[in-house]
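Heads up, the chain below is alone and in the form predicted on its own; it's given as structure tokens.
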């Protein structure tokens, strides 16, 4: 029993930091651009499929881990420039309808190109075994995902809080006109944020594509979890997204241990409880202030 709980805890943390990669991009896009991006799950799915194709064609997981986020980032740049940019400043409903339509279109393209069957990204040879930590035998690849995702999130957190780029991002979100008056093209900042969010989603798609299956429905599944995370953490709060993702990862792992068929119910009950206590999310009100 203790071994199962410890194993579920490690799995929950690994899921949490990977979910955070997806939710971080989603919350950064919303916090900067006021865009609720329903196509974010489709970008995650594209990362998984491009990762699968690159890994199988070139026989290198590492090439997939690097190239898939770059490819999806480029597609994200085109998506932001040619579809979202003309709608800035308009009713958010336009963004919702547009990104939902883009998600449906991307899923249709995936079905046409890769088919409906599930695939899995082959893991690198050095991470195919397991490692024993105390009484727990834990897959080496899961530990790799946990470490890599944690490092990436820590670097992003530090950059947002302490770097000049982070200051520019916050300034562009709070006072676009002033930043433009200072000679900085805010539209390029927005494009950069969208590209970065898309690349993070694709990176998570590659990492989880080697543990979960890569299939046309994976985008719809992850976007539900991502929105739950963003709402619990607080809309636009990167810190809230990270904490909420860890919480959701643990709830998912423990829920699968206790009642696998009720895992999604646990997530929405948790979201309802948080919103009843703090309607703006765990960190939404604090950061807005």
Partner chain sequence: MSNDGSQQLGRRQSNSDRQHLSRRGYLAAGAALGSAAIAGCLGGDGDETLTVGMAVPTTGVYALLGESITNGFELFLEENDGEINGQEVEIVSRDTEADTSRGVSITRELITSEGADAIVGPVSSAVAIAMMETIESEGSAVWLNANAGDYRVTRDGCMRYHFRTSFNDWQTSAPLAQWVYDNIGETVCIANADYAFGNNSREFFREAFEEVGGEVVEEVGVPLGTDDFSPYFDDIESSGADAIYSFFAGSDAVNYISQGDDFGLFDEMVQTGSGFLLSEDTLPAQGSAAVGKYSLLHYASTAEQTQDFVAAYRDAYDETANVYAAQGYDSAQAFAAAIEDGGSSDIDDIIDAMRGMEIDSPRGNFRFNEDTNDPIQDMHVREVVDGDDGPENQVVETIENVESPTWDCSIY
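Because the structure is predicted, anything quoted here is derived from the model rather than measured. Positions refer to the first chain, counted from 1.
Note that the form predicted together with the partner chain isn't included here; everything after this is about it.
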| property | result |
| --- | --- |
| Contact flag, residue 142 vs the partner chain in the predicted complex, heavy atom cut 4.5 Å | yes |
| The partner chain contact in the predicted complex: residue 11, any heavy atom under 4.5 Å | yes |
| Residue 59, heavy atom within 4.5 angstroms of the partner chain in the predicted complex | no |
| Residue 176: touches the partner chain in the predicted complex, heavy atom cutoff 4.5 angstroms | no |
| Heavy atom within 4.5 Å of the partner chain in the predicted complex - the one residue of 83, 211, 187, 150 that qualifies | 211 |
| The single option of 235, 253, 247, 223 touching the partner chain in the predicted complex, heavy atom within 4.5 Å | 253 |
| Location of the partner chain contact in the predicted complex, chosen stretch of 72 to 80, 93 to 101, 114 to 122, 189 to 197 [non-hydrogen atom, 4.5 Å] | 114 to 122 |
| Partner contacts for 77 to 99, taking the partner chain in the predicted complex and a 4.5 Å heavy atom cut-off | none |
